[in-house]
Ligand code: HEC
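Just the one chain here, the form predicted on its own, laid out as structure tokens.
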Amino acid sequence: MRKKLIPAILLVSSVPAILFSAGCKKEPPGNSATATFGAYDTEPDWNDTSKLIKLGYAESQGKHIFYTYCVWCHADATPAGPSNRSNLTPMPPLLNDGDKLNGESDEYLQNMITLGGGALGKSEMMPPYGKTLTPEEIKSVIAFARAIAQPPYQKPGRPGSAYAPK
């Protein structure tokens, strides 16, 4: 009985080690750490769908919120088909419209999303999302907008300072 018990104990005690080592594989072939660093998700470039924009964590969260609440008015097409954007007056800017949105501060965009367009003298059609989305979720949507902006968003800073855009 004792001779049968020892191999069984060894087998049982080695199973977790085998399973653990199987999970510690090296990265998959063709996928380097530098190629995927910081990319939780991607978004096709709206102007050139052959290009992908890498998204960090907050930007990825903002993408999901955008496609839930904002896509119907701030994109020309949605996953479900055409958007409602062309039916609105005034027509809302595309979320990637860097010419219109890059000049606005994060605080201004946060107020616009939180309070709605009418509160800031813009379109009354923009509803207030302050009771629907948390401040962190709103910041994530802004991060997503900054990530997909065309022309690309440049953080404000004084020329020649350590905080100037690069």
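The structure presented is a predicted model; accordingly, all values stated were derived computationally and were not measured. Residue positions are given as counts along the sequence shown, with the first one as 1.
What follows is about the form predicted in complex with this ligand, which we do not show.
Visitor: Which pick from 53, 133, 115, 58 sits with a heavy atom within 4.5 Å of this ligand in the predicted bound form?
Guide: Exactly one listed residue reaches within 4.5 Å, namely 133.
Visitor: May I ask you to state whether residue 46 is within 4.5 Å of this ligand in the predicted bound form, using heavy atom distances?
Guide: Residue 46: no contact with this ligand in the predicted bound form.
Visitor: Would residue 82 count as a contact of this ligand in the predicted bound form, using a 4.5 angstroms cut-off between non-hydrogen atoms?
Guide: No, no contact at 4.5 Å.
Visitor: Would you classify residue 104 as touching this ligand in the predicted bound form, given a 4.5 Å non-hydrogen atom cut-off?
Guide: Close contact exists here: in the predicted bound form, residue 104 approaches this ligand to within 4.5 Å, heavy atoms only.
Visitor: Please tell me whether any heavy atom belonging to residue 109 falls inside 4.5 Å of a heavy atom of this ligand, as the geometry stands in the predicted bound form.
Guide: Yes, residue 109 lies within 4.5 Å of this ligand in the predicted bound form.
Visitor: Determine the residues of 115-143 with a heavy atom within 4.5 Å of this ligand in the predicted bound form and present them in sequence order; the list may be empty.
Guide: Stretch hits, in order: 122, 123, 125, 126, 127, 129, 133, 141.
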